[in-house]
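In the form predicted alone, a lone chain appears below as structure tokens.
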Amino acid sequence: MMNDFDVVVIGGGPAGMAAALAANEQGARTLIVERDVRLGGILNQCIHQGFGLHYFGTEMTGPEYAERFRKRVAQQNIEVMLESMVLALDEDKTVTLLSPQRGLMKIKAGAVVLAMGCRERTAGAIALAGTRPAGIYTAGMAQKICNIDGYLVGKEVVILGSGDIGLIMARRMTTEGAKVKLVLELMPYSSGLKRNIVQCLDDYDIPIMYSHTVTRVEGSPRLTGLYYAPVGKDRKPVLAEEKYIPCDTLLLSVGLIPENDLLSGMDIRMSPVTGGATVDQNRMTTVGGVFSCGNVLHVHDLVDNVSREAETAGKNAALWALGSHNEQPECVNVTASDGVRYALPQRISAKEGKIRLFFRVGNVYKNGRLSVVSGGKEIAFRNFRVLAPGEMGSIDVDAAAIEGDVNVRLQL
């Protein structure tokens, strides 16, 4: 049976656009399905600088980065369906979607690229105690309300969590005239980039308290204040040291969840650490012809890395659909230990060439050695001064040196 499209890309953010362009370059008939009214994803609301330094060699805002890709997509023979929601994905790569222009429809794809991004954890997800007043937002929602809708969400702000979006919103709220009174972080370290700690908190004299969390909120109908306390080694609050701070707004930057709901009925092996699929070096999942990239695979700190990874997925999806590489290869497994939370890809099938492994650590480590071991031998290493959870690292290995399962670990 002829496929409707060689490659269907689900999601039109930075990952989806880069994947579609890479697939199109291989000669694949490509479709992007995007639920929003325009391509670009989260970048459309990220009006701050800091994007594109690695990919384009110049610093730009999120909308500028997205616009460069939108123009490239428009110049290619890539079909785009906006305001369209994918309802189901079957293992035979049939995509069921709902479009206001075309109604309910099924599309048969030769290969599918998952590029749906991620969503934020909410107050309900972290079981925030207290009343349910107005004035509690995820940091990303506050960013959208401020940068796209043009409204200030509050005047006296506390931020829970030091993820990059929360740090950036601390600066944004300050420049818009609000008072950011405090940033609280459950862990003893920040989960954001070091540069954002400096540029968004230190430069604006915004205090951050590590190993602290919100214990309860109060107020009706709007937030009037909250209680916070330090946490012990078990990360549970020490209520005897609870303190109160008045505020009218609480922003939550408490983690991101890859949007993998579509995969619930598929036999795709998932990673309990990343929340995304397990993939090989081509970013193919355990279902042949289904690829994953970007924040739906694992949360990135730089959009430049998202674009590069998506190009890998898009290119190999096209090769699979066009028949060049359409068999599941035998793989060795990649694991992580001794301080490394996860390594990706989780499987390697290549017999030659360089394989770039990405990893995140589980704590702040100084003056050590990152070691990659296969077959009882060290096949790659990297000495480091500092490794932190907020920054994704990478190391290259020679595929020809792999003699069995691969383990990425720290030596201190």
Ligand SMILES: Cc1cc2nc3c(=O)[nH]c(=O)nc-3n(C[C@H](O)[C@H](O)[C@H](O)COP(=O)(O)OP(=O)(O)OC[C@H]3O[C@@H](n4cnc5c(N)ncnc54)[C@H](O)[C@@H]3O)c2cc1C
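As the structure is a prediction and not an experimental result, all values here were calculated from the model. Throughout, we count residues from 1 along the sequence that is shown.
The form predicted together with this ligand is left out here; the points below concern that form.
For the chain shown alone, C46 is a contact residue for this ligand in the predicted complex, at least one non-hydrogen atom being within 4.5 angstroms. Among residues of the shown chain, M116 is one whose heavy atoms approach this ligand to within 4.5 Å in the predicted complex. Taking the partner from the other structure, this ligand in the predicted complex has no heavy atom within 4.5 Å of any heavy atom of C331.
This ligand is not shown here, but in the predicted complex it comes within 4.5 Å of a heavy atom of I10.
Considering this ligand in the predicted complex, the lone stretch of 364-372, 377-385, 38-46, 343-351 in range is 38-46 [heavy atom distance within 4.5 Å].
Exactly one listed residue, out of D338, E176, E79, D304, brings a non-hydrogen atom to within 4.5 Å of this ligand in the predicted complex: D304. Of the listed positions (M85, A129, M105, V238), a single one reaches within 4.5 angstroms of this ligand by any non-hydrogen atom in the predicted complex, namely M85. The partner is not shown here, but in the predicted complex the stretch 194-212 reaches within 4.5 angstroms of this ligand through a heavy atom at R195 alone.
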